[in-house]
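The chain below stands alone and is given as structure tokens, in the form predicted on its own.
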């Protein structure tokens, strides 16, 4: 009799938990939602996130807050979301760096494939190779010649190991077969500030962060990493046009929730993200930044899941060959 009572109590408790979970999912969200950006404020991922967050808040009916958690190439922010309560109130918007961290960092305390639930791809952003305004080289050929001749004193800025700017720089140095002094930051925002101030010489950064600086004549630009020229920067040659045949780096951004987030909550988040990316104002704002919302057939959770897996596999041999690791 006692065993039956215990079993009945356990069943009732489990049923209550399920009911509470379903009810919470149905009423979600009842408070502000936070999207973690694993980089400092002012960088390209931060810019994209704030545009998306503002629009998603209209659909969700709650304020969507952007929280910057920089450090360790984005891994501090990634880990925070991976270990957050799976209730839909803490999300992650991260770029390609989440796929390279799996190889770059040997002591990660999270697994991007198993600890996060994909919501969808947001955008794929080209990058630009830029330098401080008074940097001597005026075109790509001059840049290559100059950095090879002055490699001991030329400095390359990036947003930390595993960041998009780091990957782009690693590819550039591999292509010209020249190692340069690299200066890591806790985000491209601080890196850009030092570039504008002349403390570092050049860097590779997303068009979302460089377009206004290029148009304003505040930096020199040598090339864009997409297959075709970017509409917002029509006079900037592609890296291929500048002599780098296979130099293409597309920095994709995705959104995730912690593993175990209820499907009804995920469905609402997927719908809210889709609504944001379908908005004409978002498309215009993205266009001003040199990018565009991800195509409708490329946004779904399963697309992001498969894309992340393929990107991990793509970058692993490149990183291993370069021998670049971080603890």
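Fair warning: this is a prediction, and the values are worked out from it, not measured in the lab. Positions refer to the first chain, counted from 1.
Beyond what is shown, the protein has a form predicted together with a small molecule; the following relates to that form.
- Taking 125, 159, 195, 92 one by one, only a single residue has any non-hydrogen atom within 4.5 Å of the small molecule in the predicted complex, and it is 159.
- Only one of 188, 210, 75, 100 comes within 4.5 Å of the small molecule in the predicted complex through a heavy atom, and that residue is 188.
- The small molecule is not shown here, but in the predicted complex it comes within 4.5 Å of a heavy atom of residue 164.
- In the predicted complex, the small molecule sits within 4.5 Å of a heavy atom belonging to residue 45.
- Across the options 57-65, 285-293, 35-43, 268-276, residues that bring heavy atoms within 4.5 Å of the small molecule in the predicted complex belong to 35-43.
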